[in-house]
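As structure tokens, one chain now follows by itself in the form predicted alone.
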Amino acid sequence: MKAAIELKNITKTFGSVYANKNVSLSVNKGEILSILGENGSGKTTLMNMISGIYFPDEGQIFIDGEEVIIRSPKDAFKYKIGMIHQHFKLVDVFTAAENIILGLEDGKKFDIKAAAKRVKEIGERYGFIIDPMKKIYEMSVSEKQTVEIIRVLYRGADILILDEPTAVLTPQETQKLFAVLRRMRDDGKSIVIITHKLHEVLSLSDRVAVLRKGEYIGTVNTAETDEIKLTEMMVGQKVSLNIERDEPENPKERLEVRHINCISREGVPLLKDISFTAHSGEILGIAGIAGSGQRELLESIAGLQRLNDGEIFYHDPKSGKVENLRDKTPMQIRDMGVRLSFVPEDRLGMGLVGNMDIVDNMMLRSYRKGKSVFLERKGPRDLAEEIIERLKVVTPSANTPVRRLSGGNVQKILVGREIASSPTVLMAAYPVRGLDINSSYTIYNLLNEQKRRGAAVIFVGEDLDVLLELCDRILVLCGGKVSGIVDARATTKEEIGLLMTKLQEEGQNNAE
């Protein structure tokens, strides 16, 4: 097969840190290549050099066998290379068609009707569903991603680079995207996907290139490898992909949720008559299709969501009292030891402040306890250093601004900060979203530690296999209602899938 793009000995440093070191790899015409590596292994930096955002310190880039110099995204488009970033770069108040032709210098007169027609044609050719006249702010995440992909196709891209394209998509949206990418490959396009989700790599790509700590380890044919071999290449050692699960020790009622209801400002029911009990020393999993009420449920326990009715009782292990959390402010609930570690789709917008360094982001949780006009920095600094060491955060130092870290490393800080507070109830929502497999297992082990310590852990996850391996019981939500609570050791993926789509009678297999 002929190489569409070839990299030879590409090196890029930031200060004294090597982001990429002597990387050589190729992407063939009409193939899907996955770039795999742990968080901070240099995947995005490497692709940013192909797409003109960074310029390599050393090395050569060849397109169709000829050496090229790419100094800007404009140069990249000249060579028919387009990159779809993890964080979309769209103007919210413009329509899809307006965003797609924005900044295009083709010497032709601006014609939005002709552009909309061409957008529709591209959509039909590859199987995208798109309304060219719809405004960006009215779109779902997958629709925005569609606009980004069509924007590079509109400019004639033959080499497409997608950075973590499935990070915020539902399983159904992911399958649709994969079908589209396969059609593009069959049409002769070269597609590079930066990812760390091994099952996606194995189901979609033709070949896999692995990076470790900025260096190129090798490329293998997907058909000739498996998850364990790829993990060993990524990490450099044998990794056991088993989650240890102990039986709950001396479980006691810690949180009782009784008949809670929540209605949005627009009058849409978000939570409908939800009741369950979370025990100390156990992990209660929450499963459900995206948007089934997982977020609203956790936020209502943390005091961030106003309930229309129902009660949430907290059994305080220190005082032995039973407190109604509905009467408390979010700050009072936090001080009692009920912690919510919610990993939002927008990690920097909601969880951390990008321009502040890691130490200052630790202080966001503790500054209210300051006794003087000067903020105490030693505690937060020690905590930052501990999280960096324990979760293997790839960063030059604890004083590095968070926005300069890779997405997965940002997430480790977000989750580590909540776990470090020794909560009595730890609610972890999507704590491994965007993390490579090794980092994910570190987080699972930390959750298990909290369970052994006697915390009641409530875990919201997207991966059913993980929920079955990690949790003691699983509560299934469907359309804001509880469709079942099952014993994780005795249930199957299929049974949970049926409960998630409500094909079984409500209440059946209820193992509370």
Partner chain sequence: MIATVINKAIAQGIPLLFGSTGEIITEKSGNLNLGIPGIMYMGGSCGVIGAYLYEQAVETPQAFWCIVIPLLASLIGSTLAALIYSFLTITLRANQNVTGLALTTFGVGFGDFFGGSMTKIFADGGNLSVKTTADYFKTTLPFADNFGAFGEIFLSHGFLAYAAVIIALLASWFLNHTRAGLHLRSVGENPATADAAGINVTKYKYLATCIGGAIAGLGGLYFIMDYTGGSWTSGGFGDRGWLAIALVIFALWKPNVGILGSFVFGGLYIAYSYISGLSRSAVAIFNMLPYVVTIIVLIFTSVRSKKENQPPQSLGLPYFREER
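Computed from a predicted structure; not experimentally measured. Positions refer to the first chain, counted from 1.
Unshown form predicted together with the partner chain; subsequent notes refer to it.
Checking Val93, Ile129, Val322, Ala223 for any heavy atom within 4.5 Å of the partner chain in the predicted complex turns up a single hit: Val93. A heavy atom within 4.5 Å of the partner chain in the predicted complex is found for one listed residue only; from Ile84, Ile101, Ala429, Val393, this is Ile101. Contact with the partner chain in the predicted complex holds for none of Glu389, Arg404 and Gln450, as no heavy atom of theirs lies within 4.5 Å. The partner is not drawn, yet in the predicted complex one stretch among 156-164, 68-76, 277-285, 205-213 has residues with heavy atoms inside 4.5 Å of the partner chain: 68-76.
Contact annotation for Phe62: none of its heavy atoms lies within 4.5 Å of the partner chain in the predicted complex.
For the chain shown alone, Thr45 is a contact residue for the partner chain in the predicted complex, at least one non-hydrogen atom being within 4.5 angstroms.
Not displayed here, the partner chain is kept clear of Arg265 by more than 4.5 Å at the level of heavy atoms in the predicted complex.
Mapping the unseen interface onto this chain, Lys135 counts among the residues with a heavy atom inside 4.5 Å of the partner chain in the predicted complex.
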